[in-house]
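In the form predicted on its own, a lone chain appears below as structure tokens.
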């Protein structure tokens, strides 16, 4: 298939806001594709090159794309940057540069979907010495042969921001419609495989083939998320009684895969952090014999045994150097609370109480290193509240409430697992904009535009936060957000929605100022949540529930 045909489909996506129309457009495209083209197309539509669990990365940023396009077109990098500031989109700015190119190439060939994918695959394989030169050569070859519209979408694919309004739900429904299958079957297959391209190919073989997809060691799946509740009474009505109540640790969630002597550790965002947590690997080797996928929360522990807040351990997540030094400086303890796979068998449809029983046979605790999460089973509200207070006294965030009969539901925020934190309410928000500071903070971002997710998973603003942020945190935020700047206008910056922060506030107010319809009164930035991705942020539904439940409103 010609790459231009896929780009024409992308254009159609952008011309409509209707979910049904987007689904129909994608359904028509998928019907005519060969299997290999099918998997590539699904990934490109989702704005990525590889499944989100894959360790393969392209390593191409906007600056390199602009440099290559400048060389191809004869238009200066400065002028292309101005296009970027005007449009706020790398794709549209590159398209504009290609339309105005001063240099003409007479020998060009049309791009096929396979050619584009294979060249992008080469980019991901280049590392080390002279890798930049090789990447530029490949990128130049692609963009030289690309039409302006192809350059628009190729640039977006490279930076994994498609802006077509097509997310996983639309792709799921299109796959289901194309193959006359229930969307629920496609959703289940995606939950356990975490690879929509693979799901699309298996769906072509029928419902039986699709249902054969299951958990696979070293292919991480999205972690089940919890809804928030304010009281034990509220939570017990949702999960039912008796229920399991666990400590909610203030740590770093891990999905741990073990087969034989091989162990891999993945984050909530499906990043492989095995190298950063060699001490956890050592503990797993001593504690676990069976082949399994288990989940836990890793917390920092001081040398006198005191549990440390998340900020302390968060420094280990992105650490690439001096790992042994930080392991010595910040020891950790992993609290295991669930098992998803055991000795060849998926357990996600197994009731929680049975998963916990199996987990207790798999884990041999290593004191202070790897233990089972602290848990009680009760139908007594007083006992539950006492356990909540006990958890807070240990330095934890609160408690988890779990339905004893519930399955494990990957990637969804479900009512059979709840979290209850201390009285201070907070939201997980995404930073989507910023402003440069003034005076001595002129070189730092000082005000941040916060967003939550709407019903379609799009970011919608809910307020700004600027006060109570230390210089150290401002420096950290500026460093992490600078590569995510999409365009700059005066002091204002538009930020790619990627970084999640936890924000406390006095109250929620209705407000026409922000697209969400709400605003946070006196917001305070508590901490970065590098263990969470934008898809883990709080939603309008959650904000509405808080607004409705507070008798001040």
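Positions refer to the first chain, counted from 1. Here the structure is a predicted model, which means the values were calculated and not measured.
The form predicted in complex with a small molecule is left out here; the points below concern that form.
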One stretch from 178-186, 76-84, 240-248, 358-366 that, in the predicted bound form, holds residues within 4.5 Å of the small molecule by heavy atom: 240-248
Contacting member of 123, 400, 444, 340, with respect to the small molecule in the predicted bound form [4.5 Å, heavy atom]: 400
Proximity to the small molecule in the predicted bound form, single hit among 301, 392, 226, 92 (heavy atom within 4.5 Å): 226
Residue contact check: residue 202 to the small molecule in the predicted bound form, 4.5 Å heavy atom: no
Residue 417 within 4.5 Å of the small molecule in the predicted bound form, heavy atoms: yes
The small molecule contact at residue 195 in the predicted bound form, heavy atom, 4.5 Å: no
Close approach of residue 150 to the small molecule in the predicted bound form, 4.5 Å, heavy atom: no
